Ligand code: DGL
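Heads up, the chain below is alone and in the form predicted on its own; it's given as structure tokens.
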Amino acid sequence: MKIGVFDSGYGGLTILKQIRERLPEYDYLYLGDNARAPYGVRSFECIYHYTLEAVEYMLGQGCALIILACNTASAKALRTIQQHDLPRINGEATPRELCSLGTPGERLVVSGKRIVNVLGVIRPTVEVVPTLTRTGHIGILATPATVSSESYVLELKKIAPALQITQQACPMWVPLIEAGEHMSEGADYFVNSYLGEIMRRDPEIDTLVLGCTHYPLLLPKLEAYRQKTQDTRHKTVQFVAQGELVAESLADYLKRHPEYETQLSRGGNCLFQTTDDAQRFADAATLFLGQRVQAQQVTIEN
């Protein structure tokens, strides 16, 4: 049985890279739904439907644990899948919730000897962010769908109600990255525009969460903005990427759930699949992973 990592496109590769560095012994399946990306501008119903199809496909491919390495899917589809669909998928009329899950909303579903769960990337991030801020002012940079869901706001307020949280939708960042234009001079306008807007709305922000797994590829541009800003308060703003946080959270999760030890295989292998052209995926994956991969094109629609 494998650990599955799913994203609507390529961004989840930044999560996969950190997970494999932290937990190299396991076998992995990465699935990118590139043919239907981006998810961030789609409706709730569409995102949920697409994500559920991906989860069902990956379960059929032998994944016992699936990470939704996509903030949009985590925000829009995760809770419904955990609470409604996993019991159905496993054929249980009355789902059985196990104790000591740690994270609210997590659900393990037992079907025979197989234990299946689907986890997201938002909760591991918000558990750490309140410990990083000095001013208590947090900014969230994300896709329009993640922003509209207010998932980060709701989760952060549960942990630290006094936080001041400002969100900024960045609809052009994912297309720029996936087109390979994120380091071009043309990308500067959209980087400066979104950062300038959120910092104008709350000049006291000292921590900016990169609430999309694509965004770490923009870190050189984000750092350049920080260095060039005329406002001294903004020169110490820190950008929080999710990969390492999710990897550490997964390692802790596996320690707390030893039942997975008998299910997950340990060959150190990783299979890459995409719903779009395999060669195009392999070429773009190099940008995110820093190495060449081989990919398979698959169909996941029911």
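The first residue of the shown sequence is 1; numbering continues from there. Everything quoted here is computed from the prediction, not taken from an experiment.
As for the form predicted together with ligand DGL, it is not shown, yet the points below apply to it.
Just to be sure I understand the contacts: of Val118, Leu217, Val174, Val209, which is the one whose heavy atoms reach within 4.5 angstroms of ligand DGL in the predicted bound form?
So the residue touching ligand DGL in the predicted bound form, by this definition, is Val174.
Which of 230-238, 265-273, 63-71, 49-57 has heavy atoms within 4.5 Å of ligand DGL in the predicted bound form?
The contacting stretch is 63-71.
Would you please decide whether Thr125 lies within 4.5 angstroms of ligand DGL in the predicted bound form, comparing each non-hydrogen atom pair?
Thr125: no contact with ligand DGL in the predicted bound form.
Would you check, heavy atoms only and a 4.5 Å threshold, whether Thr143 touches ligand DGL in the predicted bound form?
Result yes; Thr143 sits at the interface with ligand DGL in the predicted bound form.
Do Gly243 and ligand DGL come within 4.5 Å of each other in the predicted bound form, heavy atoms counted?
No - in the predicted bound form, heavy atoms of Gly243 and ligand DGL never come within 4.5 Å of each other.
Non-hydrogen atom contact Tyr28 with ligand DGL in the predicted bound form at 4.5 angstroms
Tyr28: no contact with ligand DGL in the predicted bound form.
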